[in-house]
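Take a look at this single chain in structure tokens; it is the form predicted on its own.
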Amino acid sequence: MKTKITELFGIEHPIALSGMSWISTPELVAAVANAGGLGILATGTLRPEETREFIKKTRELTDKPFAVNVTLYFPEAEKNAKILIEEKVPIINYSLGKGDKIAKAVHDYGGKVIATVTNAKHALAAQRDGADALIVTGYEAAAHGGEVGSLVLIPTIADLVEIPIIAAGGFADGRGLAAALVLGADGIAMGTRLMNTKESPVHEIQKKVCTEKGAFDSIRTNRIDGLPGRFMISVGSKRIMRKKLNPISALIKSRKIAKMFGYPWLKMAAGILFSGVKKSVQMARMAIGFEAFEKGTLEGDNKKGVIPIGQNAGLIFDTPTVKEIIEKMVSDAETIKES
């Protein structure tokens, strides 16, 4: 199946793996790339040296095009972005920040840039800043989606920009792929569906739970990691949402973030103190959220941990290989297109 996205990135199918922390590892990224899609390696929780190591490992597992993301909101993001540029990653996907400098540096070595956006304002800004394509994330998506559902968001953005669009949020089968293309997208990105595959590092408990959950079993809240996001309703997510936080607890929790990123804690603590109560609480929730994500994702703990999950969980009933998913989706979408 050929679209502007397949031509732009040199891939076979217009299907991408969302860059999910702790989930979009070199193994899963390579599985998607080798199946003809675009794998996006997650670096949000990696230190710069780990980022370089993960890029090297991905290259050992696939000779196909792949992307690497950088979340500009996170501490040490600029250092991670520098690593991606030094490694001449073929495609860089940035989010939660201004990407003009990244776009210029990547274009200088012949690479491509994808910006992740959730609204029209940011879509137009990303296009001006030099992005070659957009991942447009709707309300249905796991983790940090937008305020508008994909059915309306995709055509709205498609009518505003001239660069190709990858739709994210609510896609899990060939019907969704076909619908996205009709709505004006040139491909789709999936997190929850590709999270539940044999190659995924997600704990087997969560894969099983995902097949049992429906469209109404997730909640969108900013009380998990400080940003509006969608997570599975569980004992763990309810417990975290009830937590009351203040700037002092933010300082205590910030030690965990500083340690994770290898960032000077005193520098981070000073930044929190001078950023105000709202930002302080947001940082505290980020620390709590990161800890909970790791427990939920890798340990399968739904009492102390949480896991991002999209509304499309209601369309997922099995745990196949990445190749099986991509091939079936493309086949089904082509059949729908021809009918």
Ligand SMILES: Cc1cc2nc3c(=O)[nH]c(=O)nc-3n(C[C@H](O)[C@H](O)[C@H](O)COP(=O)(O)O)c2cc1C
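As the structure is a computational prediction, the values presented were derived from the model and not from experiment. Start at 1 with the first residue shown and count on from there.
Omitted from view is the form predicted together with this ligand, to which the following refers.
Note on the interface: of 166-174, 236-244, 213-221, 126-134, the segment with non-hydrogen atoms within 4.5 angstroms of this ligand in the model of the complex is 166-174. Among residues of the shown chain, A143 is one whose heavy atoms approach this ligand to within 4.5 Å in the model of the complex. Contact between T58 and this ligand in the model of the complex is not found at the 4.5 Å heavy atom cutoff.
In the model of the complex, at least one heavy atom of G310 sits within 4.5 Å of a heavy atom of this ligand. At least one heavy atom of S21 is located within 4.5 Å of this ligand in the model of the complex. Of the residues M190, A115, I157, L84, just one reaches this ligand in the model of the complex with a heavy atom at 4.5 Å or closer; this is M190. If you take 81-100 and check each residue for a heavy atom within 4.5 Å of this ligand in the model of the complex, you get just S95.
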